[in-house]
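Before any questions on how it binds or moves, here is one chain, the form predicted on its own, in structure tokens.
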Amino acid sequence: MKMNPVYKREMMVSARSLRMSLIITVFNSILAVVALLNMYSNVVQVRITADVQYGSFLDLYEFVACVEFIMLMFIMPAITSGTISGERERQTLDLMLTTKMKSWEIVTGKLAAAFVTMFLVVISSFPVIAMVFVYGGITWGNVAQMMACYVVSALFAGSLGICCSSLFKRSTVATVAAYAVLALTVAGTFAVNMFSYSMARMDLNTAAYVMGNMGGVTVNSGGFLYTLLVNPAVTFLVILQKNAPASTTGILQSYGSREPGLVMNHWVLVSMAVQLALSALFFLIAVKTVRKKGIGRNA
């Protein structure tokens, strides 16, 4: 099977650079130091109080999981948003389009190289996560589900970045656009649900004041809750809540109680499917735009 030439070139450049080795070393060193300090503080507490707080050991898992997720969401757009636009700025995109490579091969190679590089950093931190297994509370299934969330989130953020990179000529503009869309997806959906839930509670309080007791009435953010399906942060928090329910507040319950249903009962799977569909859409837009703008420049 022939390897994608763009992917092969990007990986060769990354392998010969010291930057990736330094990133992995520094990142895992910080995580290891924090993990060892956390374990040491728990051991000291047991010696003093003779009381083992197993819930505190989950703090280590939550810390590592949150750091890795934040890293994926912030670094993936930065890596991919300059891939196509960078080639255009160096005036090498037209040369790539004159070869036998198709547009989807160029976009796939760029996205795959960024994804593999980022996922390598995540996988390298697995020994730190495995420290939690010493005390229990986290199973292999929990870790596998979290890894699946990382994969989907990385594809979502990476596809968004490469889509913006193909739409804009300048890498700076593409990066700003990618982060703006990502912020709108993450913070915007939270804000919409918070506003809708606040308005619903205000209306209920007003009705209760005018009509009397309104006990038993369900208040929630309405259909806006389903906008959170496109939010990778919500998927991550729901998984984290299932893994460590004692120390994490239910994010979906923050916007009112709801009747069980297909989406509510399988929120993680549905949200991952929605985000994968959006990733495919971003990928198709990038493929179409690369060829179209390349032809435009040659014309």
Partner chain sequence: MLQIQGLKKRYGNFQVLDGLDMAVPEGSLYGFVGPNGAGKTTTIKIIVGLLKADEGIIKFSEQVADHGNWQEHVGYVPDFFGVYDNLKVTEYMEFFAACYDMEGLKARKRIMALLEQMGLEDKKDFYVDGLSKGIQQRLCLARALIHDPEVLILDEPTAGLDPRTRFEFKEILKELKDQGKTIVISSHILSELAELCTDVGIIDQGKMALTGSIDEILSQVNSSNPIVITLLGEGRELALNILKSHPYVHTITVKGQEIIVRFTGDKQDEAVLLQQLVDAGILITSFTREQGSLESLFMQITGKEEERTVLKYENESGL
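Every value quoted in this text rests on a predicted model; they were computed, and no experiment measured them. Residue numbers count along the first chain shown, from 1.
The form predicted together with the partner chain exists for this protein as well; it is not shown, and the discussion that follows is about that form.
Using 4.5 Å between non-hydrogen atoms, is A148 touching the partner chain in the predicted complex? No, A148 is distant from the partner.
Though only this chain appears here, would I129 touch the partner chain in the predicted complex if you measure heavy atom gaps against 4.5 Å? Flag for I129 set to no.
Using heavy atoms and a 4.5 Å limit, would one call L95 a contact residue for the partner chain in the predicted complex? Yes, contact at 4.5 Å.
Look up in the predicted complex whether A112 has a non-hydrogen atom within 4.5 angstroms of the partner chain, and give yes or no. A112: no contact with the partner chain in the predicted complex.
One stretch from 139 to 147, 182 to 190, 116 to 124, 82 to 90 that, in the predicted complex, holds residues within 4.5 Å of the partner chain by heavy atom: That would be stretch 82 to 90.
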